[in-house]
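Below, in structure tokens: the form predicted on its own, a single chain.
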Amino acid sequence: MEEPVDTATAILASAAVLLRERSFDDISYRALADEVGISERTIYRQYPTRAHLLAALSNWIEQTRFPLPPFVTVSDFCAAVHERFRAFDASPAYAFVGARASAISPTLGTEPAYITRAIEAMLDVAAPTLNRRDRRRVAASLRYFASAMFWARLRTSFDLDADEICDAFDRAVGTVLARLPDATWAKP
């Protein structure tokens, strides 16, 4: 028995299908409505602007195509991001949607993303005496380096593959964490 799919999810799933053939900019609300089998007005009700559609599509793709494996330690985090970058290389059209959405997402949402909360939790364990302001700064830096935007920038600007992007990520993370005072790190 097939599970019922809500309209919003059906729209996002259809948009993902269309991304295999064209870019996000080439997906019109009319074409999307035809693909889903609903009216264009219904799509506008769900996603009033293309920015709303882009942000929702990016979140849906992130959850369904690029779920970040759980991590507790910094090495777990790096391994999870490496896996993610390799998945981005396998589905670049989806990753580029995530990169583009992350450039506009601060205007659409105020809640910290799952990955930000997970990085902060990791830092709470690894560097328990790190003050709140510095923890947020470090988490923001690590989140950027783990993002589709970072991957896309290195992929398009420097023509790097996933392994080379993973190396650049590791160096960036090492540089950020090396700036923390020794006293902030948990003692074994």
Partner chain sequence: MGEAVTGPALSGTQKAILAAYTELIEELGSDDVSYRVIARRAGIAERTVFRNYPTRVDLLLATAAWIEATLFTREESHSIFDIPLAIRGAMQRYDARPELAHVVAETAMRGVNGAAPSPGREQLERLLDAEVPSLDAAQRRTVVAALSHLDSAGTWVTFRREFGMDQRDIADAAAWAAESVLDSIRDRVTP
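Positions refer to the first chain, counted from 1. These numbers come from a predicted model, not from an experiment.
Quick note: we don't show the form predicted in complex with its partner chain, though the next part is all about it.
This chain lacks the partner; the member of 68, 51, 122, 33 within 4.5 angstroms of its partner chain in the predicted bound form by a non-hydrogen atom is 51. Although the partner is absent here, residue 100 sits close enough that one of its heavy atoms falls within 4.5 Å of its partner chain in the predicted bound form. Although the partner is absent from this view, residue 42 stays clear of its partner chain in the predicted bound form, with no non-hydrogen atom inside 4.5 angstroms.
Although the partner is absent here, residue 179 lies within 4.5 Å of its partner chain in the predicted bound form, judged by heavy atoms. Taking the partner from elsewhere, residue 88 is found to have every heavy atom lying beyond 4.5 Å of its partner chain in the predicted bound form. Using a 4.5 angstroms heavy atom cutoff to its partner chain in the predicted bound form, none of 17, 21 and 29 count as contacting. Within 4.5 angstroms of its partner chain in the predicted bound form, the stretch 133-170 places a non-hydrogen atom from each of 133, 134, 136, 137, 138, 139, 140, 141, 143, 144, 145, 147, 149, 150, 152, 153, 154, 156, 157, 158, 160, 164, 168, taken in sequence order.
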